[in-house]
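Let's start with one chain on its own, the form predicted alone, as structure tokens.
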């Protein structure tokens, strides 16, 4: 395996003990040349993430509340790491500069980014790697929109001048030099951008879990790990919330066909999960790759005789929902029926108005509303090559006594989405898992 870019999450760099693990991992493979750190995460369940503390400082400042005590807690985290690792780096000048900028009205993006910045300084000192400030290589335009081509150009140029380097995640800069951050979890994006610019053979994303599991361990006891997953499968599962990776981190490396390896800092010998463009058929250990789901949906089922011959019917449905600024999750349909699936959070307090509008503009025979619904996605690229997958799934749900309210299969045939009542959610996931995994 050639050049590797390794991103380490906040849990991987929460204290000096975790730093030691990270150094051991990096030094075990000389191909790990470019490292992207997050800010220190929680050391224990009641602990605070450094980024959260930085946001708290900003809140204190906005409300004219002294923030010195919170800021000192942040400083102490870094001082403790540096002391225990016997680092010679002088942190106080950086603390003084950050605090002064805070007092003088620094923007929230600058304040939030300092967690990664300081951790990057510590890690580069500890590893003996050079430090590249993300402010100098990650570009945004004056409106805060990410500039892909400019970033790739500047990153490539910077990396060519460094044999080994640490580049802090999460932030970049506007044209005037002001700090601009990605959304929370954005260090994953930085890692992917560095991997693309470096033309890496693999992008390693180190966290506190050993890759993806085939189902939620809170629902299914000891679910099997996913060894290989495609970007398309990941997208389908991530939509249902089953992800340990920032969604936007997929796209930079997907463009240039760089695999992502999700690894566990606390269990470095575990192979984790490999995310690839296309899984070879020989990788299909199971018919399905994974199961994920979410509660809290409403299904509006519209029936109208000869709907299929009425031009613009679907457009009028979408227009009504657009007027209420409501996005749609799915639109399963038949000849005379169509259903729209909407998140409860988007439709609260307006459902009756929407139904009235639909009755006026669509003149349907009936409209039925099913609230408190859950959606479950059964995903797998191997499903399109196997006969009887849907029948097996529906049989499993029937035998478990689960009433299916909705069925939707994507055109790629790599997923089947079923709608069930919230109360049947856990039972349905367990039944599907048992049918496709435990019965083998």
Ligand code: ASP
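Numbering follows the first chain given and starts at 1. Computed from a predicted structure; not experimentally measured.
The protein also exists as the form predicted together with the ligand; that form is not presented, and the subsequent description refers to it.
Stretch in contact in the predicted bound form with the ligand, which is absent here, among 287 to 295, 344 to 352, 183 to 191, 128 to 136 (heavy atoms within 4.5 Å) | Looking at the other structure, the answer is 183 to 191.
Residue 170 near the ligand in the predicted bound form, any heavy atom under 4.5 Å?
-> Yes, residue 170 sits close enough to the ligand in the predicted bound form that at least one of its heavy atoms falls within 4.5 Å.
So, in the predicted bound form, is residue 415 in contact with the ligand at a 4.5 angstroms heavy atom limit?
-> So residue 415 does not count as contacting the ligand.
Interface membership of residue 49, the ligand in the predicted bound form, 4.5 Å heavy atom rule | Yes, residue 49 is a contact residue.
Please check if residue 38 has a heavy atom lying within 4.5 Å of any heavy atom of the ligand in the predicted bound form.
-> So residue 38 counts as contacting the ligand.
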